[in-house]
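Coming up is one lone chain in structure tokens, specifically the form predicted on its own.
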Amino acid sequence: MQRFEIVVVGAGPAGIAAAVSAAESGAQVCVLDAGAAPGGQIWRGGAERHSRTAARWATRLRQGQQISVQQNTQVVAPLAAGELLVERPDGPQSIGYDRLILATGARELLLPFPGWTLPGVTGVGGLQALIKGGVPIKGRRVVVAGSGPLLLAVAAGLRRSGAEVRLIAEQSDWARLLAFGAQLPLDPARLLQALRLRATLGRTAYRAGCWVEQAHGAEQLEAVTLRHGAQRWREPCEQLACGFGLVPNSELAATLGCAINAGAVVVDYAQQTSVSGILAAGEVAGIAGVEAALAEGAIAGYIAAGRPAQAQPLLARRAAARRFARRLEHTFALRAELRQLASAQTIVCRCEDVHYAALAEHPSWRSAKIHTRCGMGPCQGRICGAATSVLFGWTPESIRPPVAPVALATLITTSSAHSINLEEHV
């Protein structure tokens, strides 16, 4: 078993900031990340390619002499106290730690509607990741829909990649958007960013109070039905990018016994969770964006390394970022109509082909899972779990390891050595 003073799970902005701050404070640090390169979802494909800020943090991570970065490494489950089971390309391994920093980020919130399982329909961030991975988009007609600032950023990226962005459909209304925009002059950096995005988008149509009701196509997406007030129309397109915000990846924290509230890990002013020796930073502790993630990651790193005085100057930056996040949350709160999009025959759990009507018969997530297998497929409820939370108000009553799909051989190899009950894990 390898053992480190501090283990950081996740190499997005929060994880990178945590590792760098802890290592530069003298601690021996290990970063465990499932991706092929540091950067997480927001800096996917290598942080150096995204911005000067990202490049600076990536350089500090790379040059950190007391940092061991283990990519393509998936955390599977907690073992004994202070020990994690991980799966690497060369097989399972246990990693020990004195203190643990969770920077596991977030995933997209996808809501079901008729036709959402058609090829050509993806999440907003999902399409962005595909393009960064080399999937051609030039000349394709794309509708970008859902909610939040990410719609503009992805649409701008699509334009730069040669796509024909037919429409940006934002479900929030103009009253909230204008109230939010009126405060942007008080934040010059974000105002400049918004103006640059608008310039990139040119005359691309942007409709507030507008959302997708249905996707159409035989074998492939051909068009979508959009609603704007009382108006409905069919928009031809080959690609739909549709997302409704983000959901914290709090499953590992839950298996470690950390308190969870509204899907996010509960932390105090020092980013410490309810479990001694475990800290959390970034989106897993509440969706707030890159600036908050960097500040929280650095605070967590300094605290874990026993340097609280170095964390003190970052508290104001974190507070400002969290205030902005609360404004975003209010501006882009989901409208009630989105909970009524799915028809009786709309698939909600794509892994197990469970329809809305089958779920509507049940009073809770647990009941639906037992009787329909909803949430028991390869994604382990990461997509349908968040969707049913919006549709029915359900919350998972418990999270059990493994926290990610894992080869049975990994569990068999480690079960006897660590007293893992396979019946609870398979």
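Sequential numbering from 1, following the sequence displayed. Given the structure is predicted, the values throughout are model-derived calculations rather than measurements.
Missing here is the form predicted in complex with a small molecule; even so, the following discussion is about that form.
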Worksheet entry | in the predicted complex, segment of 66 to 74, 52 to 60, 367 to 375, 390 to 398 with a heavy atom within 4.5 Å of the small molecule | 66 to 74
Worksheet item: Check T104, Q128 and A153: does every one of them have a heavy atom within 4.5 Å of the small molecule in the predicted complex?
Response: yes
Worksheet item: Here the chain is shown alone; which of A300, A293, V265, L240 has a heavy atom within 4.5 Å of the small molecule in the predicted complex?
Response: A293
Worksheet item: Among A386, A358, A27, I42, which has at least one heavy atom within 4.5 Å of the small molecule in the predicted complex?
Response: I42
Fill in: Contact label in the predicted complex: E108 to the small molecule, heavy atom within 4.5 Å
yes
Practice prompt. Examine A22 and determine whether its closest non-hydrogen atom to the small molecule in the predicted complex is within 4.5 angstroms.
Written response: no
Item to complete: Check whether L118 has any heavy atom within 4.5 Å of a heavy atom of the small molecule in the predicted complex, and answer yes or no.
Response: no
Discussion item. So, A34 and the small molecule: in the predicted complex, are they within 4.5 Å at any heavy atom pair?
Written reply: yes
